[in-house]
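Presented as structure tokens, the chain that follows is alone, the form predicted alone.
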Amino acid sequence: MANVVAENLTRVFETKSGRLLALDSVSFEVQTGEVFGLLGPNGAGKTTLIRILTTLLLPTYGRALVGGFDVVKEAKKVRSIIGFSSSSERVGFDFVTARRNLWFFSQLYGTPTGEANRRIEELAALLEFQDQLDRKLYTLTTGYRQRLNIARAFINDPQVVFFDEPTNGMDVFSAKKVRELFVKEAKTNSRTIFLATHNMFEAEEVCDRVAIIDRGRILAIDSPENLKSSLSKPVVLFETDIAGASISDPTRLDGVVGGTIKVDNENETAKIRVILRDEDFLERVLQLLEKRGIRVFNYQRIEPTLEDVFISLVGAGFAERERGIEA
């Protein structure tokens, strides 16, 4: 059963510089018990979409249902069945313990105290911060504060839980615990987990399906494996020495669909990742690099990632899109 439904969702912002189309006719469905990822660079429309689905922002056009309730006409009912967490928001009250913070948020939903206390202990155990519960919030490390923020999203036993970059800045161990919790809650407790992220590893590890979004439009939706296997074009990684060379963008060469460049200025090296139209263009790229004085000391065909799928669709990687670099 579909727990989240978007039908031609569109959001327009009026700015001093003109009309900004943040979401452009977005449509999809997310099922009960599914971990669904919304993957894209910053500014792609992920946060705008989540704000609409969590009733924090009205759509300009279109319709959305969460748990069968209309996010505009039945906003109060939607709020009663959802949880939400964003890495950019305040976790709680600094001079109150972690336990009392969680209890406070549970009371906003009218949760009986006995049930709230049980949920607090359960979530603390799942996220492994039981020994931090009676410490004041300001004394907690960033990792524990973020775990508390994740626990807060589940405190009301929600039907659908929305996360906006939930592990951003989190240490590896904390991020692992959070991802394990997402899968457990979806599969064991039949919750819908809606996860907006630009972390490809996270999307591949926990998501049943992923929607790739850019400039407010959904470019593709499928399982991570199906999206990667749909990319039949070869992906090649060049490891290069760029000392004294011109490192202008080789991904603009005819025959190259798109790519990314990661430069290590300290060591004067660069990793150039390109998606070729076909294998025949490999020699042409090598010749171009040689003409620019870029010495290739290793190259290999590699398995595609979700970012490669994105690159094949728009010509540039996440970082390039965030910087406004066009393919």
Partner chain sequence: MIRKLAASIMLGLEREFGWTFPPLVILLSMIPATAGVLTAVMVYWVGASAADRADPRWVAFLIVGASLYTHFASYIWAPLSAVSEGKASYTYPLVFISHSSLSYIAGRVVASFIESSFTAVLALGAATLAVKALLGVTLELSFTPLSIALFSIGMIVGLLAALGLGLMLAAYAIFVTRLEWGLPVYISGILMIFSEAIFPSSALPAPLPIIAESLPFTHIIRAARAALIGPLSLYPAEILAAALLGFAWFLTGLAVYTYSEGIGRRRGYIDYRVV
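This one's a predicted model, so the numbers in the text were calculated from it and none came from an experiment. Positions refer to the first chain, counted from 1.
One more form of this protein, predicted in complex with the partner chain, exists but is not displayed; see below.
Visitor: Taking the shortest heavy atom distance, is residue 183 within 4.5 Å of the partner chain in the predicted bound form?
Guide: Taking the distances in the predicted bound form, the answer for residue 183 is no, it never comes within 4.5 Å of the partner chain.
Visitor: Would residue 188 sit within 4.5 Å of the partner chain in the predicted bound form, counting heavy atoms only?
Guide: Because no heavy atom of residue 188 falls inside 4.5 Å of the partner chain in the predicted bound form, the answer is no.
Visitor: Would residue 108 sit within 4.5 Å of the partner chain in the predicted bound form, counting heavy atoms only?
Guide: Because a heavy atom of residue 108 falls inside 4.5 Å of the partner chain in the predicted bound form, the answer is yes.
Visitor: With the partner left out of view, is residue 201 within 4.5 angstroms of the partner chain in the predicted bound form by any non-hydrogen atom?
Guide: No.
Visitor: Pick from 234-242, 169-177, 193-201, 71-79: which stretch has non-hydrogen atoms within 4.5 Å of the partner chain in the predicted bound form?
Guide: Contact-bearing stretch, as computed: 71-79.
Visitor: Suppose contact means a heavy atom within 4.5 Å; in the predicted bound form, does that hold for all of 58, 84 and 113 with the partner chain?
Guide: Affirmative, all three are within 4.5 Å.
Visitor: Heavy atom within 4.5 Å of the partner chain in the predicted bound form: which of 158, 143, 224, 92?
Guide: None of the others qualify; the residue that does is 92.
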